[in-house]
Structure formats: C-alpha cells, structure tokens
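One chain comes next, on its own, written as structure tokens: the form predicted alone.
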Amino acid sequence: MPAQRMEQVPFSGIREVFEMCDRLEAAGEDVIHLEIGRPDFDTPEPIKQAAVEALDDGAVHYTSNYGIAPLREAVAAKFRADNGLDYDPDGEVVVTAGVTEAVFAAVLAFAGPGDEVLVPDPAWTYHASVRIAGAEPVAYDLDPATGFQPDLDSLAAGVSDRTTLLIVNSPNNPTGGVLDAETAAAIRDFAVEHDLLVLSDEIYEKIIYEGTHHSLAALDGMYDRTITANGCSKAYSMTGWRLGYLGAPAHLIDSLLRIRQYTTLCAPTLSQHAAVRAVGSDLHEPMVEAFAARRERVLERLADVPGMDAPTPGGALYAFPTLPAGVDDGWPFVRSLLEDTGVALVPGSVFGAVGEGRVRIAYSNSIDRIDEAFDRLEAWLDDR
C-alpha cells in the first residue's frame, strides 16, 4: 500500500496535459505546445561542446556531493556579479540535479510533520514537496491587480508559530510576475519579524523584460536566513541536462547536503562540465530576445479575444490570462480545446486557488505557431 502521505500528493496537472498531447500526436494530430514551460531552442553550441570535451576526457564518474570545483567557482562568481551575494564555493554552493532537487532538498531539510510552509498562490508545485515532507502548505495570494505581487495581508494571515519556511518565486511561474523593490523589502521585514527561513527560487532570473531582479538574500538581514536556488534549465535551454544550484550560508548547507547524499548524490557529471561554460555567460541573450518578441505577440493576440485579460508579464515565459468570455471552467475548456483544435494550454487551477478562471500560456513556441494557435482558438470560440 502507498504511504498515507501520498494521498495528499496529486499528479501534476501540467504533466496530465502533456500526456494528452502525447496521445494526440501519436494518433497523427498536429499539436501546438503552449502548455510546457520548456524553452524550445537547442542548447547553445559552446555548452554542448564543453560536454563533448568532458566526455572525451573521461568525465563519467561520480563527483563531490557539492559539485565539481570549477562549476562551484563559476556559480559563486555569478552570485557575486549578478546578485551581490558572497557565497564561498567551498562549502556554501551546492550543485543539484535541476532546481527541482534544490527546492525538494530545502523543503525536506527544513520542514517536517507539524510544520507549516508559506507557498505562493498561484505557483509551481511547491505544495507537493511540502506534503511529501509531512508538513502543511499554507497559501499566500499573488494579486493580479498588482501584476501578481505577493499580497502582504495574505502573508500576514497565513503565518503562525508553526511556520518554518517561506517560499518566494520571482520571476514567477505561472504568472510572469517580477517581485518589485518595495514588495521585496516588505517580504524581508516579514521574514525577519517572524524569524523565518526563506527559499528564493530564481530559476527565471535571466528571462526578465521589465523591472529589476531582486535577490532576497542580498537584502539586509536576509543572507543568514535565505537559500537561493537557480540553475541552467530555462536561461540556457538545458532542461534535459538537469543542472541546478543553490547558495546558502554554511550553517544551512549541512542539512541540505545530507538530503543530497541519500537522493541523487550528485548532478550529472557531463552536465556539470557543460554548465561551467553556461553560468555567467551571455549565451542566454538571443533566447531572451526571442521570448520578448513572443511575449508581445501573445499580448497582442490576447487583446483580440474577449475575456482573456492578463497583466503584462515582466519575466519568465508565461502569460496568465482569464478564461475567454462565456467559459467558466478551466479543465473542460483546456481538454475540449486540445481535443478539437490541437492547442495545448494549462488550466490555472493547477497552480492554486488564485488561478481559478485563468489559463497559463507558455510562449515556448515560435511566433508563427503562436499565431496559428490563436487562429485556431478564435475559430473554435466562434463556432461554439
């Protein structure tokens, strides 16, 4: 029998849509993928070449639990240059098998039965990690009226003497919202007042169009209480390489490392060598320019669909509009649209209660395919 805690861990709604796409494509249908948060570009050639050279050099064995030294040094240099964070590469940087592992390790290390964890709503699936750890996720709202900034009243209502960890994600998945300076400072004050550890998921940091990225750990009073998670998947189109990393003060690293020693042990060795070439480079810039153009086209096309209103996303690769006029329920809409037209979206309810009545559109496809998707959507709505 499954462990009882698994009854509270749902299957991923994103993956459910993805599996529906697989079945349709296997049957010969033309599916336009706007559901998956995966850059559609190839990994830049210099990064791939670094992996080839490492393979030729025999880099096929286990590495340190912390990761290879050249990559830890590159990550530490990136944190200093981009984020104003001074992490020692020998003891305050850990390379992980994607940011998913960094998040999971942080939650398992610092939350357990009887604890509560503040998680954003809407958000990626942090709540599942919290439940697997035996803790209780407590949602705080991101406000559409402010471009999906964290609602401070909601945060205040959710905290208790059982709260051990606060999770923040900026730029945000699924909204594309970017934490502004005023709200970042307010979150700092909140975390200090309630003596909370903070997990700052910054995986979309390099994909930002408007505003400035704020690393919470760099704010006064936050360095000693913050775990900063990042990686190569989104900025460098390396989702399949499974390469993430985290920085944290030494007193937090011990527990994080013990989780690693009994899970993945180390990130893939070839991926680590490839990431030395990626981290701190400008190889992401052409992709970000393409995402910016796609964002503009998505917003233009949304403006022509009655009811589909979305705050302008400041970062990441998502828009999070309301459902079309006359549509009340996200899941039936997404299923019917996919089955009838081959256009794949994700219902907003997958990401939390605030996502009810919305859908996530990932502009991880070409402008031509985005236009084709909206042409199909508009024709389908006209025929309903």
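Quick note: we count residues from 1 along the sequence shown, nothing fancier. Predicted, not measured: the structure shown is a model, and the values here were computed from it.
Quick note: we don't show the form predicted together with a small molecule, though the next part is all about it.
(request) Using heavy atoms only and a 4.5 Å cut-off, decide whether all three of Thr100, Asn173 and Arg242 touch the small molecule in the predicted complex. (result) Yes, the whole trio is in contact, each within 4.5 Å by some heavy atom.
(request) Sort through Ser271, Ser233, Thr163, Asn83 and report the residue having a heavy atom within 4.5 Å of the small molecule in the predicted complex. (result) By the 4.5 Å heavy-atom cutoff, the listed residue in contact is Ser233.
(message) I need to confirm a contact call. Of Gly67, Gly37, Gly355, Pro321, which residue comes within 4.5 Å of the small molecule in the predicted complex, counting heavy atoms only?
(response) Contact with the small molecule in the predicted complex is made by Gly37 alone.
(message) Under a 4.5 Å heavy atom criterion, is Asn169 part of the interface with the small molecule in the predicted complex?
(response) It does: once the small molecule is placed as it appears in the predicted complex, Asn169 has a heavy atom within 4.5 Å of it.
(request) Look up in the predicted complex whether Phe110 has a non-hydrogen atom within 4.5 angstroms of the small molecule, and give yes or no. (result) Flag for Phe110 set to no.
(request) Give a yes/no on whether Ile203 approaches the small molecule to within 4.5 Å in the predicted complex, heavy atoms considered. (result) Although the small molecule is absent here, Ile203 would touch it in the predicted complex, with heavy atoms inside 4.5 Å.
(message) Taking the small molecule as it sits in the predicted complex, is Phe79 near enough to touch it, meaning that at least one heavy atom pair lies within 4.5 angstroms?
(response) No, no contact at 4.5 Å.
(message) If contact means a heavy atom within 4.5 Å, which one of 91-99, 285-293, 303-311, 181-189 is the stretch that engages the small molecule in the predicted complex?
(response) Contact-bearing stretch, as computed: 91-99.
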